[in-house]
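In C-alpha cells, the next block holds one chain alone, the form predicted alone.
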Amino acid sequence: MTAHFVDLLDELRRRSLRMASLVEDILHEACDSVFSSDDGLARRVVARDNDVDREEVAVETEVIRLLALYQPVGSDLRLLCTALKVNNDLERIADCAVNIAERARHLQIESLPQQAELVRQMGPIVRRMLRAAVQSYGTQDVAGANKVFADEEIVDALYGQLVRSVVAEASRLMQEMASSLDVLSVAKNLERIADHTTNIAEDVIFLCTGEIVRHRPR
C-alpha cells in the first residue's frame, strides 16, 4: 500500500482513540453523577453524547471510504474492520452512560445502602475494563485485552447479586421501589457496558492475531 494510505490509516486510528478517550470521560462522569446528586454533571453527560454520535458517523464514513478506494487486505483490512466494530461498541457504551446519567438525576441511592454498595463496586471495575480495552486497542496488546475477560465475570456476579438483593427486599422496600428500579437500571447499564467492552477486547485479539474468539469459553 502507498505511504499516503498508511498515513490515512494512522489518522483513522488516532481519531478512533480520541473517540474512545471521550467515551471514557463520559462513563467516568456518569458513574460520578450516581453518587454526587449533581444534576449539572448528569446533564453534561447527556449533552456530550452528541459529540460521540458525530464522531461515530465520521469514523464509519472514513472506514467505508478507505475500503472502497484502496481495497486493503491482510492486517490493513483487519484494522479497518476492527475500527468499524470498536466504533459501534464505543457509541453503545456512551448511550449506556447517558442512561445511567438520566437515572442519576432523580435517583435517591442513599436510601438503598446495600444496593448502592454493589453499584459502587461495579463502577470502577467497568471503568477499569474500558481503560484496559482501549489501551490494548491503541497498543495492539493481546495480553491487555485478555485481562478484560476476568473483570467481566466480576461485573456479572455483582449484577446478579444486586438483582437478588432487590427481589429479596422488594416487600420491605415498597416505598423505595422507584429508587430500586433506578438502581437496577444503573446496574444493568454498567453490565451492558462491560459486555461492549468485552467485545472491544475480542476485536483487539482479532486485530492482532486474525483469530475470532467470540463465543469461545474463556
Partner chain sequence: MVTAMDTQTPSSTTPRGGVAVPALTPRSVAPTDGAAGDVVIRAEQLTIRYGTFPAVRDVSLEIPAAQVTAIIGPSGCGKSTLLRAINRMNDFVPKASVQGRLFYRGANVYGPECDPVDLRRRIGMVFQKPNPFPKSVYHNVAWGARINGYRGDIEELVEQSLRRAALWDEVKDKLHESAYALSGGQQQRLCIARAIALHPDVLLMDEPCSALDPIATARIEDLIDQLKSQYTVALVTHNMQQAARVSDRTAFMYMGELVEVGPTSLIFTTPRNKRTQDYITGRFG
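Not measured: the values here are computed from a predicted model. Numbering follows the first chain given and starts at 1.
Only in words, not in the display: the form predicted together with the partner chain, which the text now covers.
- Residue contact check for P124: none of its heavy atoms lie within 4.5 Å of the partner chain in the model of the complex.
- Proximity of S75 to the partner chain in the model of the complex falls within the 4.5 Å heavy atom cutoff.
- Although the partner is absent here, T209 lies within 4.5 Å of the partner chain in the model of the complex, judged by heavy atoms.
- Taking non-hydrogen atoms only, Q114 never approaches the partner chain to within 4.5 angstroms in the model of the complex.
- In the model of the complex, no residue of the candidate spot (Q108, L181 and S185) has a heavy atom lying within 4.5 Å of the partner chain.
- Heavy atoms within 4.5 Å of the partner chain in the model of the complex belong, among the stretches 162-170, 25-33, 65-73, 41-49, to residues of 65-73.
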